[in-house]
Every structure is written in structure tokens, then in C-alpha cells.
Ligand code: ATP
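What follows is a single chain, given as C-alpha cells, in the form predicted on its own.
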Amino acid sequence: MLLAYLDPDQRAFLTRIAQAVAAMGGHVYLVGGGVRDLLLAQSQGQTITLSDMDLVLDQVSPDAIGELAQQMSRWRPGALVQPHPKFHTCDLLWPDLALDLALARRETYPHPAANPLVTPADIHQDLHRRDFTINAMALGLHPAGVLLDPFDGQGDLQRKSLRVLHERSFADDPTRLWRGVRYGVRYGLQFAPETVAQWHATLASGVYEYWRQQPGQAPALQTRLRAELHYLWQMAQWVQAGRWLEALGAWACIHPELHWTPALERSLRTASYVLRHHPHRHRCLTELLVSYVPPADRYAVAHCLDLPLAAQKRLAQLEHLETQLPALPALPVSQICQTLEPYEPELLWLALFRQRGNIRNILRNYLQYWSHEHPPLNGKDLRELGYQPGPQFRQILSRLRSAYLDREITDRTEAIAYVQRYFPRVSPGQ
């Protein structure tokens, strides 16, 4: 039995769920990736712990989702519970487990890349709506031990093949290809030839470009695609996945002129390393990716992907900033700082990741050193020297900082002499 290859604590948890659903008079199945991973564990003779579980309830009322979710959060305290009544689902998130609870359902798409319309169905119809054969399997918890595999997912798993279920699969949801690439990289799988042909036919039809330009009408090309980018950056093999998506022409889902070029990959590698401990690393990488869209379209693409408003603003400003950069190497440090100070640091880091050579070094020095440097004298020191706050006061401080940045002065003594030389105090009556 496949559950024998599951961690004993998780197995006991699923058994308890099965008993609760049986008491409701229904059936419950582990579906999708959990079944796939258990089959792989069985082939390798290993016991695994699942970080994600998808459970489907069959032959129960819609209220069963909420009732079971409440019971599960009592059995396993600490869950963040997020119900989605419109889709007959509920997410339960623990620190070590993400569990999706759903009624068996059928999905229809009003138009390509739309959100699906959901209606109740049985487990067999539920499996027909899934992405790849290797994810269209269901393991019965009650009835126990029944393995449903209507599309020969086991055979495709053994053949290391990724095959979609029907010819409109990619038109309905292009992010299926992105998920397939993640599966392929993770498990060493390849797309079946007919699946590749279906993808290219869908791409060539122009359906993605049409719906990409319909704001709010194509979530599979907007918020769901942004989520796929988030998952991509979390992968250790994200570079391999990016190259594979380029070979398939999939970056056109974001913009027809976006390509995984050596320059883009180099920028992303640099940013990924610099931001490796940053809490929003994935969001920064997505913003950097969008910066390789033609300048006139960056804002629109960022808006389409529903990036934060600050990111949309930065992408709109990037072209103007980059027109200033070629002149920087010929400027003294003080003028470099004056040029860069109007721009927020996040925008400058975005530009830095895109640059090479001397300009990148200048941006790094500004962000890490020059922007934080202060002259040896401050306002209090000037008052003690007999200068009064006012327009000249600010002028002196500005000149001092420029002189310090350009190393015309290096310490307090030189700073005092500089002020007294260029801003001599005038005695009363003179």
C-alpha cells in the first residue's frame, strides 16, 4: 500500500481524516503531487514526508469542507485556515505542511487564461481537470487503498514523460507549461512530443498575446503567472528552468520581446547572490526580469503582473536613470552623488544588477559607501565656529560634503581650515 511509504505521523493524520469523512458518508482521496511523490518513494524504497497535500472530498455536502477544516485544526493546532467558498476549497497552512482541501469539482473556462467556473462533480471528473497525467492520480483514504489512474500517470512517471490531458490544456491555462518545467527540472522529466506540439500550436495561435492585453481578464497571464515566477525563483535549478522556458518560447507569455538572454541571466545571477538573504528576493528578481522588457512596455507589464505599486514606479523610472549613467565615470565623486541622490536606493540597485564594469562599480560604491559618508563638521560644529543657521549655513555643509567626498579634505582640522578659507566670517561693522 502506498501510504506505507509516508511518514508515520502524517499517515496517522490522514487516517483520522479518512475516519471523519467516512462518518459524513463521503469519500476522501489524496490527489496530485502527493500520489506522484509516494509512487517515486515506493520505486526507491524510501519513506517520505510531504510538505504539500491535496485532499479531495467526494459525495459530501459543501458544508463538509468547513466542518472538516475545523476538526483538522483542532487535531493539528497552529494552522492558518483560509477558506475559499467560491471554489469549494480551503487552505490549511502549518509551518511544516500546506494542505489544500477541496470538493471534487469540474472546471470550465469562459475564455483562454481566465479563472475557471467551478461546479460540483465526482472524483473521476475532478481528475479530468488536472494538468499532467502524473498529477491526475488519486489515492483513496476512504475507501482505503484504491488508486485511480485514468490517464496512465504511473506509466508516464516510469517513462519520465510529461503529458497534458487534452488539446486545450495550454489554452485554458498557460501556467501549466511553467509548472511542467518545474516538474521536469525537479524530477528529470521531459515533455511528451505531442505535448510540445500542443504548446507550440497554442503559442502560435496568438491567444496569449490577445488576452495579455485585456487587463484583468486573463489571471493565468497575470497574477497566476506572477505566482509561477515566485515558485521559479525558489528552485535551486532556476537557471536551468529559465533556459528551458526560453527554448519553449514561454517568456512570450509575459511579453513577446522578453527573452532569456545571457545578459538577463547574468543580471539575475548577480541579484540572486546579492539578495540571497533578502526577505523579498523573489519579488526583486521578478522586477529585474521585467526590466528586460522594452522600456515603453515595462510599466504595463508590471501592472499586468500586479507587482507592487513601488515596483511599477521604479520600472517606469529606470529608462531615465540609465540615460544618466554613461556620464558618471568622467565625474568627480561629489557630482556622482549629486546625480544619483534624487533616485531611491531600490531603483539604483535595480540599475546596478543590469550594469557591468565601471558603472556597476560606481553604483555599488555609491550605495555602499559614498551615500553614507558625512564630512568631519556638522551643524553644531559650525555654530561653535560662529556661523549662524541660514542659507549660507546649508551652502557650507553642502560644500564641505562635496570636498570630503572628493578628498579635498580628510579630517576635522582640514575641514575647519576649508570653511575659514572659503567662507570667512565678517565681523560686525565691516
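Remember, predicted model here, so these are calculated numbers, not experimental data. Numbers follow the displayed sequence, beginning with 1.
Just so it is clear, the following notes concern the form predicted together with ligand ATP, a form of the same protein that is not shown.
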Which is the contacting stretch out of 315 to 323, 240 to 248, 174 to 182, 151 to 159, given heavy atoms within 4.5 Å of ligand ATP in the predicted complex? 174 to 182
I'd like to know if Gly33 sits close to ligand ATP in the predicted complex, meaning any non-hydrogen atom pair within 4.5 angstroms. yes
If we define contact as a non-hydrogen atom of the residue within 4.5 angstroms of the partner, is His282 a contact of ligand ATP in the predicted complex? no
Interface membership of Glu373, ligand ATP in the predicted complex, 4.5 Å heavy atom rule: no
Arg354: heavy atom within 4.5 Å of ligand ATP in the predicted complex? no
Pick from Arg186, His303, Arg360, His200: which has a non-hydrogen atom within 4.5 Å of ligand ATP in the predicted complex? Arg186
The listed residue (Arg226, Arg298, His255, Arg130) that reaches within 4.5 Å of ligand ATP in the predicted complex by any heavy atom is Arg130
Where, within 44 to 73, is there a heavy atom within 4.5 Å of ligand ATP in the predicted complex? Residue list please. Asp52, Asp54
